[in-house]
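First, one chain by itself: the form predicted alone, in structure tokens.
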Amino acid sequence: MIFAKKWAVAGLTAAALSISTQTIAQQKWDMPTGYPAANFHTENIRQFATEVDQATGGKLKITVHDSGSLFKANEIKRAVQGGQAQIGEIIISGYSNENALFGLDSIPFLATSYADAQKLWNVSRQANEAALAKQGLKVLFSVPWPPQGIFSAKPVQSAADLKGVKWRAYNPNTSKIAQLVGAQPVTVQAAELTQALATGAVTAFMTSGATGFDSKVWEQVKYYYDVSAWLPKNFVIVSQKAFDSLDKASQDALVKVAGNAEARGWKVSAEKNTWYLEQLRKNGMTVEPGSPTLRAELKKIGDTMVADWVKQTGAQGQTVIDAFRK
């Protein structure tokens, strides 16, 4: 009887250890994003999640929640910081009120091509990672949106044509641009853009052809000016606490897969840019490069905003700008 009890206890202990080991061995993470399932960012993230599952041998499974279904786009960063989600996708410029550094990639006419955007990311990555690390967040990878242009319900030949229009803003810099051209900034996230256009809450805005396509903006606006003002980036961030809870092999696999997702995302973004503009034309939109006057005025606004950004970020910001302009 004594031996039987000992074997029973031993069996229970072994079972408990087995369950404990299984719990530690496999983790399930929720990953919210604010963009539609068919958006190239979301498609890239789903592939990333699949590859993480494969690379970790099923130890880490990531469930992607698109279209703001789990958390709205502007709630995701706080959700990851607070542990409500382990990982998420954010547009970093949306948080430049927290730290001016985060608004670097949405300064008009600083980096206007994929090559320049890549260079800007290379010289600012370490500073961004350090700033987010102080908030308990780790950057896994970054992918840019296509270059930003101006969508408008009426023709725009100069900045004066934007005076008084209801201008969609999605970060502090797009609000600043609205103020500088005399427009009325209205904060609207990507997932809410279609409704804002349908109700007349917004009549002009700066965004990429990707968001224009996702939102079927041709149903309300007919003009797109491809001024290539900037290429804002989405960051995929993970809670440092969640990352630290993984075993070393899983951490290494996650970082490696993230690197692949970043390279793939940059490539796809560039490839899709031309396609998005073609879709706007096919749906009846007038797509133009923007008049020399409009581009010159926007460049002047950009120069003003670069100077303001350097004042806000001090020596750190100046170092980044100097490195970029070398």
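These numbers were taken from a predicted model, which means no experiment stands behind them. Just count from 1 along the sequence shown to find any residue number.
Missing here is the form predicted together with a small molecule; even so, the following discussion is about that form.
Joint contact, Q86, F141 and V238 to the small molecule in the predicted complex, by non-hydrogen atom at 4.5 Å: Zero of three within 4.5 Å in the predicted complex.
Hey, of 75-83, 242-250, 145-153, 120-128, which bit sits against the small molecule in the predicted complex at 4.5 Å between non-hydrogen atoms? Contact criterion met by 145-153 only.
Answer for F102 alone: is it within 4.5 Å of the small molecule in the predicted complex, judged on heavy atom distances? No, no contact at 4.5 Å.
State yes or no: in the predicted complex, is some non-hydrogen atom of V227 no more than 4.5 angstroms from a non-hydrogen atom of the small molecule? Contact with the small molecule, no.
Spell out, yes or no, whether the shortest heavy atom distance between P108 and the small molecule in the predicted complex is within 4.5 Å. P108: no, not in contact with the small molecule in the predicted complex.
Partner contact for A190 in the predicted complex: the small molecule, 4.5 angstroms, heavy atom: Yes, A190 lies within 4.5 Å of the small molecule in the predicted complex.
Can you pick the one in I91, V202, L137, L254 that has a heavy atom within 4.5 Å of the small molecule in the predicted complex? Contact check passes for I91.
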